[in-house]
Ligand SMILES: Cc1cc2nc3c(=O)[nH]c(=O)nc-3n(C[C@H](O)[C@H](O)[C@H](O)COP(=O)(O)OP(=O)(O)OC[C@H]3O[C@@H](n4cnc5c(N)ncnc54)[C@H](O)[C@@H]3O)c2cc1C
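Let's start with one chain on its own, the form predicted alone, as structure tokens.
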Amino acid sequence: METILLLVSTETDGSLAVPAFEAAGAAASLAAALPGSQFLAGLVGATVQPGADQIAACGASRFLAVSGPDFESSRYVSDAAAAEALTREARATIVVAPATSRWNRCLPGVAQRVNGRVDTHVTGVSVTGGGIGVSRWYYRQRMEAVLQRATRPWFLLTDPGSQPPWQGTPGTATVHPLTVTLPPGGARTRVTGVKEPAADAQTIRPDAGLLFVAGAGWTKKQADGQTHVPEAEQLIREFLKLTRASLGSSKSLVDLGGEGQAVLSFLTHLNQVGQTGSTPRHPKGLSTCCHGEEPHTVGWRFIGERRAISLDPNCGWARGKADVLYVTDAFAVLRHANALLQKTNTFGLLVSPR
């Protein structure tokens, strides 16, 4: 009989973020598929009651918590101590947690402490013939494997965006607190503040409803034989501001600076999508001025609806890699789109968050 522990961390106000609800959905579905299993929830944070109340109806029989000022911010020592205490208290055989930077960093170490195993980047959890299998992609999302393990406890870190979030009515959860004492020097690392770009300057938004990808064509010579990089920057910035979309790019565009060519100043390697970059998950994606070649489009594997704008009707996007290809000038499209967005939320359905 399996004992499933949902392990999540709360935000500064005690609430849960979207990845936590996704992990809750995976854990609840797994418990429902395993008759006779036990399902518990474990929360970590400065305060946890609001988050526990949000998932009070998820089906967990007990809500365990490690809370206090020492557990507000992400820190390996405190997070690992809290996760270990919750795992041992629950006597968990399966631990499901969101693959956030906080849990990705410490749970492999916790698995070693409790003589367990861990799998990261889990994109699916299923039960076949009474056995648990987890799906995971390899080789830049070109091969998918289903893994099974006999070792327990087994820690599963689910990729954000890969699981349907748990949805239910908030209630009032009875939380059982655990006392965790950090070792000497365990609170030595402290978060003294948060630096982040202004809302209008933020370009990477994992929860955005739309991924807008800029390709190298934005910096090439246009129909008049001239480059228009400043205008390209202005159009893209305005579109991102009006739609709250997330910005991606191809490696070719990011690396143009090393070749002495003009680049879009706000792009970094963090914006890369594809074989050498990230594999984001958004309901919709719009590629502009990209060729649609395999190294780039492999990063679009989990985008729900893919559209592209290109002047080349024979580019890679036209070969089955895009649901819709617009053969037109991206400069003209964005000028018109921005004008419409200034007046009305014409693209509301396109950019609404999941």
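All of these numbers come straight from a predicted model, not from anything done at the bench. Counting begins at 1, following the sequence as shown. For clarity, a rigid core is taken as the largest C-alpha set superposing within 1.5 Å between two forms.
One more form of this protein exists, namely the form predicted together with this ligand; it is left out here, but the text below deals with it.
Chemist: Decide whether residue 309 counts as a contact residue for this ligand in the predicted complex under a heavy atom distance cut-off of 4.5 Å.
Modeler: Yes, residue 309 sits close enough to this ligand in the predicted complex that at least one of its heavy atoms falls within 4.5 Å.
Chemist: Would you please decide whether residue 64 lies within 4.5 angstroms of this ligand in the predicted complex, comparing each non-hydrogen atom pair?
Modeler: Residue 64 lies outside the contact set for this ligand.
Chemist: Report yes if any heavy atom of residue 96 sits within 4.5 Å of a heavy atom of this ligand in the predicted complex; otherwise report no.
Modeler: Heavy-atom contact with this ligand at 4.5 Å: absent for residue 96.
Chemist: Does at least one non-hydrogen atom of residue 286 fall within 4.5 angstroms of this ligand in the predicted complex?
Modeler: Residue-level check for residue 286: no, no contact with this ligand.
Chemist: So which of 26, 290, 41, 48 reaches within 4.5 angstroms of this ligand in the predicted complex, heavy atom to heavy atom?
Modeler: If I apply the 4.5 Å criterion carefully, the residue I get is 290.
Chemist: Using a 4.5 Å heavy atom cut-off, which residue among 153, 217, 209, 280 comes into contact with this ligand in the predicted complex?
Modeler: None of the other options qualify; the answer is 217.
Chemist: The chain here is shown without this ligand. Which stretch in 131 to 139, 85 to 93, 144 to 152, 247 to 255 comes within 4.5 angstroms of it in the predicted complex, by heavy atom distance?
Modeler: After filtering at 4.5 Å, what remains is 247 to 255.
Chemist: Where, within 136 to 157, is there a heavy atom within 4.5 Å of this ligand in the predicted complex? Residue list please.
Modeler: Sequence-ordered list is empty.
Chemist: Does superposing the core leave residue 213 with a CA shift of 2 Å or more between this form and the one not shown?
Modeler: Yes; that C-alpha moves by at least 2 Å between this form and the one not shown.
Chemist: Determine whether the C-alpha of residue 293 shifts by 2 Å or more between this form and the one not shown once the rigid core is superposed.
Modeler: After core superposition, the C-alpha of residue 293 moves 2 Å or more between this form and the one not shown.
Chemist: Following rigid core alignment, is the displacement of the residue 276 C-alpha between this form and the one not shown equal to or greater than 2 angstroms?
Modeler: It does shift by 2 Å or more.
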